[in-house]
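Here's a solo chain for you in structure tokens, the form predicted alone.
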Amino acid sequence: MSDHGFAFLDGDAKKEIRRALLKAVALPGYIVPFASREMPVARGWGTGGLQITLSIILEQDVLKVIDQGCDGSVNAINIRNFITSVTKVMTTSKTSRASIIQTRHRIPEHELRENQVLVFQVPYPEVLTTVEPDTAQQKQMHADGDYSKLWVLLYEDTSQYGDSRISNRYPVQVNNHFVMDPSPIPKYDIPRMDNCPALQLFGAGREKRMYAIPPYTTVKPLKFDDREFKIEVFPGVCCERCGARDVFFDEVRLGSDRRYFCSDTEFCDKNMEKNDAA
């Protein structure tokens, strides 16, 4: 295939995105602007992550696409089908086999390894938006390392409710420097960003921004020294399908009845195979 024909984007677009990615990797957690292209999916449905994937993917890569842990959701299927239609790369539902994993709102339960790339679809890249709407002031605050307004937000929540009310997009500090938005992943996934052996790339197409976390980089949630960072727990709950415990669950309500299933469909399928073999 010609450089223009492979992976939809033309050569110049790929080079521009790769240069921006190199800057993002060199400055962990720093938001880098890029010239976001028009894509054949609506903005807000993963165009940023899609452009990153199309810029780095090679013919020998193996692709996995998930949406909130699910390989079979409409968003995941459509993005997977589009990428394969313009690259012909192999796809998989197994995290261990994938070289590139494009994700929306989850990190796979299966432990990631070196030489894997985790590409996040990001709706809102700027962590300071909730406390400072002015973009010029946001840049200045990042430059100064001034995150006092975020600390005040956390303090107000803690003093009133005993803990932060932020359920996703919990602010994290990368490499003891920049504070960034980890994308709308649940708190459950935050600890697995820390010292992760895989390269983590974040793309926001609508906002025309990207950032990155290199492998084996320190990622810590903002928290007070005398407060433990609490992830989601589901006491006494097990997956209705595979019986798993101590994982992140999706809750399904059927009238007054609540049922819980593993958010990560690959993890759930593996458990089912183990149960059948036993």
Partner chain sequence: MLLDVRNVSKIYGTSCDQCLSLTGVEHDRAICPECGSVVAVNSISLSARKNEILGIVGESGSGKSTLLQLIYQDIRASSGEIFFQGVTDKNGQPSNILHEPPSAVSRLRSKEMSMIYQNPRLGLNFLFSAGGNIAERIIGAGERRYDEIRSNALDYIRRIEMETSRIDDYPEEFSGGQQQRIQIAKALSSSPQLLLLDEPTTGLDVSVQAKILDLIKELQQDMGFSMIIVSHDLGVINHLTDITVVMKHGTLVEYGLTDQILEDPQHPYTQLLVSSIL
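Computed from a predicted model, the values in this text were never measured in an experiment. Positions refer to the first chain, counted from 1.
Here the subject shifts to the form predicted in complex with its partner chain, a form of this protein not shown in this document.
One residue of 159, 85, 167, 115 in contact with its partner chain, assessed in the model of the complex (non-hydrogen atom, 4.5 angstroms) = Selected option: 159.
Report the residue, out of 153, 89, 199, 185, that has at least one non-hydrogen atom within 4.5 angstroms of its partner chain in the model of the complex.
-> That would be 153.
Is there a non-hydrogen atom of residue 149 within 4.5 angstroms of a non-hydrogen atom of its partner chain in the model of the complex?
-> Contact check for residue 149: yes, within 4.5 Å of its partner chain in the model of the complex.
Does any heavy atom of residue 228 come within 4.5 Å of a heavy atom of its partner chain in the model of the complex?
-> Residue-level check for residue 228: no, no contact with its partner chain.
Applying a 4.5 Å heavy atom distance criterion, does residue 234 contact its partner chain in the model of the complex?
-> No, residue 234 is distant from the partner.
In the model of the complex, residue 224 touching its partner chain (heavy atom, 4.5 Å) = Because a heavy atom of residue 224 falls inside 4.5 Å of its partner chain in the model of the complex, the answer is yes.
Pick from 92-100, 106-114, 141-149, 185-193: which stretch has a heavy atom within 4.5 Å of its partner chain in the model of the complex?
-> Residues of 141-149 come within 4.5 Å of the partner.
Between 202-222 and its partner chain in the model of the complex, list the residues on our side with a heavy atom within 4.5 Å.
-> Stretch hits: zero.
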